[in-house]
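The chain that follows stands alone, in the form predicted alone, written as C-alpha cells.
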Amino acid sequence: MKKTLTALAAGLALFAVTGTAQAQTKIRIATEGAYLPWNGQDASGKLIGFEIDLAAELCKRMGATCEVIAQDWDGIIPGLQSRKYDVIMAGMSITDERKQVISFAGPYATEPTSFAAMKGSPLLGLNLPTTAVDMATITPDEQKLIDQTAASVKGKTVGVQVSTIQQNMVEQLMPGVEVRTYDKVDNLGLDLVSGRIDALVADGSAINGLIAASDQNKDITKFGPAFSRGLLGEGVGAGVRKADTELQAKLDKAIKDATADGTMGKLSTQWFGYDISIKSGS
C-alpha cells in the first residue's frame, strides 16, 4: 500500500463503458488505491490494478457507466453505508463480521495469508513448515502448524494492517503477541525494515509487492504456513449495501460469467503472475 494521503484524495479514475441505452446506470465504486496488485496508483496518481481492470470489465457486462474513487481503508465501509459510493472493490475478504453490516457479490478471488520477517531474523531460523493451512475445517496436523506458528511469534511484535482479516487471525490464534496496527501495508514494510517490528502478516501478493517496491525491502522474506479461509473469510468480494439486492445480483452474474469464460483468471494472472480466481466448487 503506497502513495500519500494527498495523492489518495486526488486519485480519481473515471471510466465510462457504454452498453445499450436501456441498460445505462451510474455505479460508483470505492477502492483503496494503495494495495497493489489488487489496487493502487501509478506515478501520475491514476488508479491501476487488478480490481480497477475487473471493475471496468464487470461494468461493461452490466451495461453500466462506472466511476472508481480512492477511499482510505479505515473508512471504506462507513462510506458505503453513508452512500458516498455504491460498491467496494478493495481486496476486501468476505467475513461473517462484515456480512452483519453489508452484503457481498462474489467472491471473485482468493489468496493465502503469510508471515514475513527480515533476512537474518531468528524467526526464519526456526524453519517452520510452509505447508498450506485451510482453516475452514482444521485437521489435527493443521492445528499443529497453527500452534507451531503461534509459539514462534509469542513475545514478538507483529505488524498488521488495521481492521483486516490478518489482524483478526493474529489476535485470535496467536496469544502472547504484541499486535501493532498500520493504516497501509507500505508502512508495515517500513517498520519491518527498520526493525521496529519483528514480523508482519499480509496477503502473499502484498508481501511480494513490498519486496519488489524498493532495494531496501529486498530482504523481506516469507516464512511459515500459508493460511486461508476460516477466520480469513470466504475470499474477496464486492461489498454493497444490504438494501441493494438488485445491484448485488447483477454483480454476482457478471462475476460468475467473467469467471466462467476465463476473463477473471486472465486479469488476475496479468496482475499477480498467477490465477487467483475462484473455480466452481472451490
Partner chain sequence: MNLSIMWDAVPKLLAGVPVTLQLVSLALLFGFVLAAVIALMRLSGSRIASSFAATYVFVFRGTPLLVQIFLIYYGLGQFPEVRSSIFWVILREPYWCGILALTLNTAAYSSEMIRGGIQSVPPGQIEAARACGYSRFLVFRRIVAPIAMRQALPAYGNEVILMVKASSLASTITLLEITGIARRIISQTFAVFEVFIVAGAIYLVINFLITRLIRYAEWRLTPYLRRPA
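Since this is a predicted model, take the numbers as computed values, not measurements. Numbering follows the first chain given and starts at 1.
We do not show the form predicted in complex with the partner chain, though everything after this point is about it.
Of the candidate stretches 108 to 116, 74 to 82, 141 to 149, 126 to 134, only 74 to 82 contains residues with a heavy atom within 4.5 Å of the partner chain in the predicted bound form. Using a 4.5 angstroms limit between non-hydrogen atoms, residue 196 touches the partner chain in the predicted bound form.
Residue 179 belongs to the set of residues with a heavy atom inside 4.5 Å of the partner chain in the predicted bound form.
When the partner chain is considered in the predicted bound form, residue 174 lies well away from it, no heavy atom lying within 4.5 Å. Taking the partner from the other structure, the partner chain in the predicted bound form has no heavy atom within 4.5 Å of any heavy atom of residue 156. Comment: the partner chain is not present in this chain, but in the predicted bound form one of 163, 103, 121, 208 has a heavy atom within 4.5 Å of it, namely 163.
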